[in-house]
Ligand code: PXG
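A single chain, nothing else alongside it, follows as structure tokens in the form predicted on its own.
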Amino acid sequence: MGLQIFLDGRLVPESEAKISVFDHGLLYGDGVFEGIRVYNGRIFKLQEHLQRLFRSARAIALEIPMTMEELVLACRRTCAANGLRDGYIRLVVTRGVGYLGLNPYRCSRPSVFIIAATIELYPESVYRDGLKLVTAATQRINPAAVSPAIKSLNYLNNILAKIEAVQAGTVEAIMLNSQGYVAECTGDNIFIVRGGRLETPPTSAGALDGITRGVVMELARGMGIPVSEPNLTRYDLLTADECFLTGTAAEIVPVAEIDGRKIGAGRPGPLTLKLMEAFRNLTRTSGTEIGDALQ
């Protein structure tokens, strides 16, 4: 039996979960989304994800046709309908059906769909030994053109950099902005450790204000570790004591090598490992209960 998909107010079999070819989400990438994790029957940081979804929608003048409370219930219902206790939720809001033209005001009503399913993670060896990264030639879009705070359906910029990573024999690439500063990776935020301090690029450099990014910064501060958001260069990454990535799907991923050069000792560092353990402990104990949301 296939998945049950939440589509515009009701649960339907995945074979019936379809949108129009005239939907502006498909035609122009006109829409917003969130990726959300489920751990042990709890949806992790659901409120924070939904708040970011509404901010993204507001930034592109898209009115979500559901309230925050309705979306919380819809996420819970979709997880319950699929018996999901550990996995991933993809919540998408498209501009809706329109015409073969850019004008978003000719779209009658936005469409909302939710997929709740298992997720393919990095292999365990990556968390044990560390990931190898390359620096992509594809630049991050200038924040003055499209704000990185908007988590939109248009991911072509990231996909072009992802192609470079795969062609280089790895799965993730570092993206620089037009000034040569580090922005983020294709699907994850990036952190370094140097001199006992934790550093990550600012959102003004083109980095998404990631939910996991924020959690890791909170955890570090709770451990008494200084955290800052300076502009970082490739030099800063290559000479760091430790490096790791963060993301909803990835969680915390240690980095062992960048552009063929070892970072630190070339294996997960002590602070990275400490944060990985703290993050895993947090995900086991917090979140929005799925419960019996079908009743």
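When you see a residue number, it is the position in the sequence shown, counting from 1. Remember, predicted model here, so these are calculated numbers, not experimental data.
This protein has a second form, the form predicted in complex with this ligand, left out of what is shown; the following refers to that one.
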Original post:
So which of Tyr127, Phe113, Tyr181, Tyr88 reaches within 4.5 angstroms of this ligand in the predicted bound form, heavy atom to heavy atom?
Top reply: Tyr88
Original post:
Tell me, which of Ala265, Leu26, Val227, Ala249 has a heavy atom within 4.5 angstroms of this ligand in the predicted bound form?
Top reply: Ala249
Original post:
Applying a 4.5 Å heavy atom distance criterion, does Lys151 contact this ligand in the predicted bound form?
Top reply: yes
**OP:** Would you check, heavy atoms only and a 4.5 Å threshold, whether Cys185 touches this ligand in the predicted bound form?
**Re:** yes
Original post:
Hey, in the predicted bound form, does Val92 get a heavy atom within 4.5 angstroms of this ligand?
Top reply: no
**OP:** Please check if Gly210 has a heavy atom lying within 4.5 Å of any heavy atom of this ligand in the predicted bound form.
**Re:** yes
**OP:** Heavy atoms, 4.5 Å, this ligand in the predicted bound form: which of 97-105, 77-85, 196-204, 155-163 makes the cut? Say which one.
**Re:** 155-163
**OP:** Scan 121-148 and note down the residues that get a heavy atom within 4.5 Å of this ligand in the predicted bound form; none is a fine answer too.
**Re:** Arg140
